[in-house]
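Below you'll find only one chain, the form predicted on its own, shown as structure tokens.
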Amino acid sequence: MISFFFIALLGCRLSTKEGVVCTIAGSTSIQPFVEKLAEIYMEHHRGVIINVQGGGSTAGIRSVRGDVADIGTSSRELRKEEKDLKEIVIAWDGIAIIVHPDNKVKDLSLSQLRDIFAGRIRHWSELGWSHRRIHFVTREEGSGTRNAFEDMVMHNVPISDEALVEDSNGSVREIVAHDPHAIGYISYGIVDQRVKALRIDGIEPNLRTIKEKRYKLTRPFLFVTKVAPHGLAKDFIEFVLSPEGQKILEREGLIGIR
């Protein structure tokens, strides 16, 4: 039987039926990538469960601070009041601005993008396309993707209350994929053929422009812990940062840190 002292050394939790559980919570942008890493890690570590949850970056940071999660995930930079936590950059990502493939617009400036989400530009005809109303889709409050978008694009200009609010990157992608007049923002890592990523100020989001930070909407993907990682949490983080873990992230569409 595993003692509670041993569990404390592992830095994770005991599941009475299945063994040792390490809980990871936070960014829904990072969630699918960590789920993939956890699946592969567990295949090689019997009796260990990596429990990956969403909830948003802010919720993940709070979960770590409140000892509810062992590792938090954040798709935004930590704020000044959060800097007491330990942060580990696991990859880089771009925030892709997506539209339906039938949309004829190919390039937006940051100021045009800001005006769309502020409700100042209301019709696609103002951008050289159809005289149809722009349906703009944003993320919920507390989302790391939304916070990063607000920091890099909105510059203290509030997102209009007219925006449709969704709780995950996947749901934003689904709406845009089925609405030729919609625009939204998601992690570059989950862009697929159902949507089109726009150039921003002439720069296309791709692996090279994100890696070189030429694409302006580039952000880190973070693991966050309350104290220095140890035991199982540390071992999983080391796996994510290893050549194998980084190759998995790159294969899934992110930019490795090495």
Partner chain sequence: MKEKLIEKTLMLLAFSAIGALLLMAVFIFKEGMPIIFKVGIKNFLFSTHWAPTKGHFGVSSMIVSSLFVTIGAMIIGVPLALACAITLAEFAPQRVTVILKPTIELLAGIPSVVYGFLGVVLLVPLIRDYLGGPGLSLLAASIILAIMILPTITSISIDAIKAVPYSYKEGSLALGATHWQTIRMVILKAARSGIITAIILGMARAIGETMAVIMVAGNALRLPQSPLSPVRTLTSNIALEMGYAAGDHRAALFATGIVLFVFIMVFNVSANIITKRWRRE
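Please read these numbers as outputs of a predicted model, since none were measured by experiment. Numbering follows the first chain given and starts at 1.
Heads up, the form predicted in complex with the partner chain isn't pictured, but that's what we're talking about next.
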| property | result |
| --- | --- |
| All of 197, 204 and 212 with a heavy atom within 4.5 Å of the partner chain in the predicted bound form | no |
| Contact test in the predicted bound form: residue 142 vs the partner chain, heavy atoms, 4.5 Å | yes |
| is_contact(residue 114, the partner chain) in the predicted bound form, heavy atom dist at most 4.5 Å | no |
| Non-hydrogen atom contact residue 132 with the partner chain in the predicted bound form at 4.5 angstroms | yes |
| Close approach of residue 57 to the partner chain in the predicted bound form, 4.5 Å, heavy atom | no |
| Sole residue of 110, 121, 105, 164 within 4.5 Å of the partner chain in the predicted bound form, by heavy atom | 164 |
| Residue (of 82, 87, 126, 150) lying close to the partner chain in the predicted bound form, criterion heavy atoms within 4.5 Å | 150 |
| Location of the partner chain contact in the predicted bound form, chosen stretch of 183-191, 165-173, 88-96, 68-76 [non-hydrogen atom, 4.5 Å] | 165-173 |
